[in-house]
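Single chain ahead, written as structure tokens, the form predicted alone.
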């Protein structure tokens, strides 16, 4: 019942925000092209947010996801530039993303360091590795057909043509929602976030669950990185700085608790859409970037404050 109320509240909030911006901006905001762009722009944040939901539900945090996406794009473009095909470059990108997630999980479990510190460190390490591999500059491989084969951000010619990347997000979200709610892995993730000591006493493999959720973020970062490569037609070590804040805000707005044990994939996607509606509306109104940053920061503070209120009431 609580989950249903949260979902209804998020849907109402999204509808109200959309209506307000539609009234203020008009056809430029409600046009098919704008809607398509909002869906496309939500893909990267949405994919990473799906993985982040599992991490936050397990009472963890991952600040390295923006750097991870940048690293994935550079690895993919670097491999293509040196003669690898799309499939092989994608495989190297998968190794890079999952490897980064595994390292995060292993350091957190093995060294017993808080996730905030570990992922803050790997945020810098991955960004540095991306800059070192690319020489500090974007990599744009020669177009030998790979762009067309990886066209994840461009739809067809029909009205409201949904890009393939959006469908990938929908498929990943459905699989993740089923996994979180109906599988042993999902139940164990919730148990670890709710009470780690109790979960351990009940036989939950806490260490494996933690490593698994951070590895899952790596997989989602790979998918987001491939969408980013398709959008840029190359790899860039400087992209997606601050992505982690957008992702965490979207997950918390969606009803996940930073204390762990609570969260849903549907709520996370609604949080992503709320953030995108605000971002697009602010841009079309003509608010300068610094105003948008203030609004985003305020949203994060409000989201965390609401999370704390929910947590106190639950206690």
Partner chain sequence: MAFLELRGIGKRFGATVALEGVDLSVETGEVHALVGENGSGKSTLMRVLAGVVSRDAGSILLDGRSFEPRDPGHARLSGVAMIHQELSLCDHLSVVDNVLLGMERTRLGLLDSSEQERIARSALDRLGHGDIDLSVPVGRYPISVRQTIEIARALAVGCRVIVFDEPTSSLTLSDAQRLFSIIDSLRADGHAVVYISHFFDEVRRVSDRFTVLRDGRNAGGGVTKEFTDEQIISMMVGREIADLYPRSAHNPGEVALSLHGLSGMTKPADATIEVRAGEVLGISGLAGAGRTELLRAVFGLDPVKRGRVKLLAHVGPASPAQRWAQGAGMLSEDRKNEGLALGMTVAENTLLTTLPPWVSPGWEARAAQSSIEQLGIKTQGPHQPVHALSGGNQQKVALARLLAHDADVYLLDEPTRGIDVASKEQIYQLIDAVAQRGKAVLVVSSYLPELLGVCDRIAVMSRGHLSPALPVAQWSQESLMHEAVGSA
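Please read all numbers here as calculations on a predicted model, not as lab measurements. Residue numbers count along the first chain shown, from 1.
The same protein also exists as the form predicted together with the partner chain; that form is not shown, yet it is the one meant from here on.
*Asks:* Tell me which of 121 to 129, 94 to 102, 198 to 206, 232 to 240 has residues with heavy atoms within 4.5 angstroms of the partner chain in the predicted complex?
*Replies:* In short, 198 to 206.
*Asks:* Looking in the predicted complex, is the partner chain within 4.5 Å of a heavy atom from each of 284, 289 and 294?
*Replies:* Per the other structure, none of 284, 289 and 294 touch the partner chain.
*Asks:* I need to confirm a contact call. Of 176, 89, 190, 211, which residue comes within 4.5 Å of the partner chain in the predicted complex, counting heavy atoms only?
*Replies:* Of the listed residues, the single hit is 190.
*Asks:* With the cut-off set at 4.5 Å between non-hydrogen atoms, does residue 137 touch the partner chain in the predicted complex?
*Replies:* Residue 137: no contact with the partner chain in the predicted complex.
*Asks:* Looking in the predicted complex, any heavy atom of residue 114 within 4.5 Å of the partner chain?
*Replies:* Because no heavy atom of residue 114 falls inside 4.5 Å of the partner chain in the predicted complex, the answer is no.
*Asks:* Is residue 167 part of the interface with the partner chain in the predicted complex - any heavy atom within 4.5 Å?
*Replies:* Because no heavy atom of residue 167 falls inside 4.5 Å of the partner chain in the predicted complex, the answer is no.
*Asks:* Evaluate residue 82 for contact with the partner chain in the predicted complex, applying a 4.5 angstroms cut-off between non-hydrogen atoms, and reply yes or no.
*Replies:* Outside the cut-off, so no.
*Asks:* For a quick check, can you give me the residues of 70 to 95 that have a heavy atom within 4.5 Å of the partner chain in the predicted complex?
*Replies:* Result: empty, none.
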